[in-house]
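One chain is shown next in structure tokens, namely the form predicted alone.
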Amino acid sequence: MGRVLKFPKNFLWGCSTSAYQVEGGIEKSDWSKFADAGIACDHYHRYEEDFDLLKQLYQNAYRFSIEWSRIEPQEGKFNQEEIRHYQKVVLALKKRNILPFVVLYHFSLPLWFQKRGGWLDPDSEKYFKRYCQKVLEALGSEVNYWITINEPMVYVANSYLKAKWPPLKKNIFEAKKALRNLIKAHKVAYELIHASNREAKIGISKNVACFSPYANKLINRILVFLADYSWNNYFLTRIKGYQDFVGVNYYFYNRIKFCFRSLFAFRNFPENFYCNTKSGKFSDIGWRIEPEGIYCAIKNVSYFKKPIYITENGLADKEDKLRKEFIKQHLFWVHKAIEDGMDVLGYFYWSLMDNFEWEKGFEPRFGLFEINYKTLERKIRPSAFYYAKICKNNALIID
């Protein structure tokens, strides 16, 4: 038997999903007109079945999002049936002793809001506050962990710099405006939730990349500093007094050296932010696998002196050949961070099931559950049972 690495008592073990990517049947969002996910995984109707599988895998927490376009399909008109649906989802989790982490905004927007300008609208935080108030009225007594916004920098980069996502913009000034309004929206939601429940814990999920210099040259170190500040720390610094924890989504480790592409970094982050070699292991969609980077990401946000949850970490691996080792090695470095005094309280694998991966469609397979999109059958992958053993024992065994 190898070395046993115990995690802290009451450590949270879970998975993450988002509404548009798994629920299906969402027709009033900007994404439904841009890239329709159709029935997706039909999680909307099969959540009880999925939660039974989640429980079978010994997980004690689940991070999911509320779909704003379901709650408010028309401006100012709220759908009580959909509100009751999410009440049932939360109660189904609690019935199984699974802690709900609720995300209020995960990329998709109501069509009516997007037509008003989305996050460019000067009143955007007011609309977001009104939506949050309705969700809070329905779920506030049952939910203590809230994530206001998922990956604001990723959203802004894809929607306002790269034109990959709605509203398909390439305008740095609009990107800055959207970012400012997302900061305002978070602060408004934070104050609203705390006014209702002082015990609530509120944060964001932040895509935190690990940047290191390719060679120890001054220009490379300057680029790393700029990348860290702009991508990793800018948003978190602006909400510094408005977060009870930091959610870390870790996928990217980038060794940076100066080259011509660096001048156009954020137009193509993360693909062309760095001039890198192509050695190493990669996921099915070409993302480099660098487990040590999760330690770097945790260390980066520990500056804010708040509890940390790994709210996403996973890979596209259709054949399930790399996922077991991926989970083992990333959790080794999470444990190392805890050993070194960093306050990490939970880990959520992305994702519970294969799903609609935004502009990449259904091809990437991130799930612990394999989804047959023709029959919607769920099949637990072998790596899921490995993760389940870790969750059950609250410990990782290193050979």
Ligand code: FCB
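Counting begins at 1, following the sequence as shown. Owing to the predicted nature of the structure, the values given are computational and were not obtained by experimental measurement.
Below, we refer to the form predicted in complex with the ligand, which is not included among the displayed structures.
**Student:** Spot the stretch among 232-240, 146-154, 93-101, 192-200 with residues whose non-hydrogen atoms come within 4.5 Å of the ligand in the model of the complex.
**Tutor:** Among the candidates, contact is made by 146-154.
**Student:** Considering non-hydrogen atoms and a 4.5 Å limit, which listed residue (326, 107, 131, 86) is close to the ligand in the model of the complex?
**Tutor:** If I apply the 4.5 Å criterion carefully, the residue I get is 107.
**Student:** Between 207, 283, 124, 220, only one gets a heavy atom within 4.5 angstroms of the ligand in the model of the complex; which residue is that?
**Tutor:** For this set of options, the contacting one is 207.
**Student:** So in the model of the complex, does residue 366 come within 4.5 Å of the ligand, heavy atom to heavy atom?
**Tutor:** Because a heavy atom of residue 366 falls inside 4.5 Å of the ligand in the model of the complex, the answer is yes.
**Student:** Going by a heavy atom distance of 4.5 Å, is residue 287 a contact of the ligand in the model of the complex?
**Tutor:** Although the ligand is absent here, residue 287 would touch it in the model of the complex, with heavy atoms inside 4.5 Å.
**Student:** Report whether the minimum heavy atom distance between residue 300 and the ligand in the model of the complex is within 4.5 Å.
**Tutor:** It does not: once the ligand is placed as it appears in the model of the complex, residue 300 has no heavy atom within 4.5 Å of it.
**Student:** Even though the partner isn't displayed, in the model of the complex is residue 51 close enough to the ligand, meaning a heavy atom within 4.5 Å?
**Tutor:** Looking in the model of the complex, residue contacts with the ligand do not include residue 51, since no heavy atom lies within 4.5 Å.
**Student:** In the model of the complex, which residues of 238-259 put a heavy atom within 4.5 Å of the ligand?
**Tutor:** Result: 249, 251.
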